[in-house]
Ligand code: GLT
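Shown next as structure tokens: one chain only, the form predicted on its own.
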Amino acid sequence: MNSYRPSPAHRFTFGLWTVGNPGRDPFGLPVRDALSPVQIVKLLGDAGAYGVNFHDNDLVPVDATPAQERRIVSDFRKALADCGLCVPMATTNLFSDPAFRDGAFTSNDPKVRAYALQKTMRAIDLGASLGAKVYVFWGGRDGTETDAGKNLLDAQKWFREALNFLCGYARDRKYAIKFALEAKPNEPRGDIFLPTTGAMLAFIATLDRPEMIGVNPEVAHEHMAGLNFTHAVAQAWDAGKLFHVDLNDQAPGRYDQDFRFGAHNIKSAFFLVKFLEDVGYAGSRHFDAHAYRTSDAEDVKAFARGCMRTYLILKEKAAQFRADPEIQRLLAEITADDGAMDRFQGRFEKKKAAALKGHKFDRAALGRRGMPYERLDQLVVELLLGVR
């Protein structure tokens, strides 16, 4: 259906590392040919994406000469223009190189911490030169297997110092860029520091320039911890910190699966899409997902199209939810308010508190009121199954 075709207005993005994944995993070698950044841009252009994101070394190999870097970036920039794509987000790979075996910003080795800052500054320069407005930090190696090996307070301090330093750097360079922190509970480390979106939000409040820093929640990462992803997104939105979002799918409690968006838990994906559309989230819908290892090149294209198509289908379902009279009637019943409690609501006032303390509630009546959540949830299921 034409209504499910992506357009730039949908702001769908993928990383070079997503559709470019050759199918390698910890137990198996690559099963697909590696694609160059230019080839990936063309693939995403054909699929209808809005933009492409990258780690520094997804685009420019870490040992590239200055001349090689200029050529690679020039070719990439031309491909973006030819295919009508942009670069909304960039990030730094601070986890693949053996130098980061004990972390990057929280490594016990001060030389590694300094190198991580250097690498990130250069990567921020690269991202800003290509138009990125959001810069994501994922500390994949910043954690422990044994807490005997790291002072946890020092690690927090080092991470804080690094982000404060980089905020200063971005301001000094006058980059119109915001930072977004990405949480994950574990893998590749046994435990990763600041493992959830809520932990990141609390950490941001301790930084020198919290206004520059938000979060990049990822579906799979919250589900790995057994948490409700939409709740994490709502908390970030409420705090004004939802700077970016990573969409994929995941079975709770498993390793990081990065399935196609909506591939595992369609109801969870629906409520996420509904929330983003209801609040008017205007940022990128970034698919940080990977095709199955069983996929060939054509199936990778189907994977990319599937991520976007599923989002658009669920966006349509969210509109149906808002327009469904029976669903709306139940919601009105659930949230009915006769105004009797208005005088107790809002900010604290001494007279208001005294009146509330003296008010007599019919506790038994409060306990008798049921909520029709079974009926409501069944209507959601029927909506998603296409029978409403």
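Computed from a predicted structure; not experimentally measured. Numbering starts at 1 and runs along the sequence shown.
From this point on, the text means the form predicted in complex with ligand GLT, which you will not see here.
Undergrad: May I ask you to state whether K184 is within 4.5 Å of ligand GLT in the predicted bound form, using heavy atom distances?
TA: Contact check for K184: yes, within 4.5 Å of ligand GLT in the predicted bound form.
Undergrad: I'd like to check something about T120: if you look in the predicted bound form, is any of its heavy atoms closer than or equal to 4.5 Å to a heavy atom of ligand GLT?
TA: No.
Undergrad: How about H55 - does it come within 4.5 Å of ligand GLT in the predicted bound form, if we only consider non-hydrogen atoms?
TA: Flag for H55 set to yes.
Undergrad: Using heavy atoms and a 4.5 Å limit, would one call F203 a contact residue for ligand GLT in the predicted bound form?
TA: The answer is no: F203 has no heavy atom within 4.5 Å of ligand GLT.
Undergrad: With ligand GLT left out of view, choose which of D288, D142, E222, D249 has a non-hydrogen atom within 4.5 angstroms of it in the predicted bound form.
TA: By the 4.5 Å criterion, the partner-contacting residue is D288.
Undergrad: Using a 4.5 Å cut on heavy atoms, which of D125, D102, D97, D258 is close to ligand GLT in the predicted bound form?
TA: Filtering the options by heavy-atom distance leaves D258.
Undergrad: Within 4.5 Å, heavy atoms only, one stretch in 191 to 199, 176 to 184, 205 to 213, 127 to 135 touches ligand GLT in the predicted bound form. Which?
TA: Comparing against ligand GLT in the predicted bound form, the contact stretch is 176 to 184.
Undergrad: Only counting heavy atoms and a 4.5 Å limit, does any residue of 189 to 212 reach ligand GLT in the predicted bound form, and if so which ones?
TA: Residues within 4.5 Å: none in this stretch.
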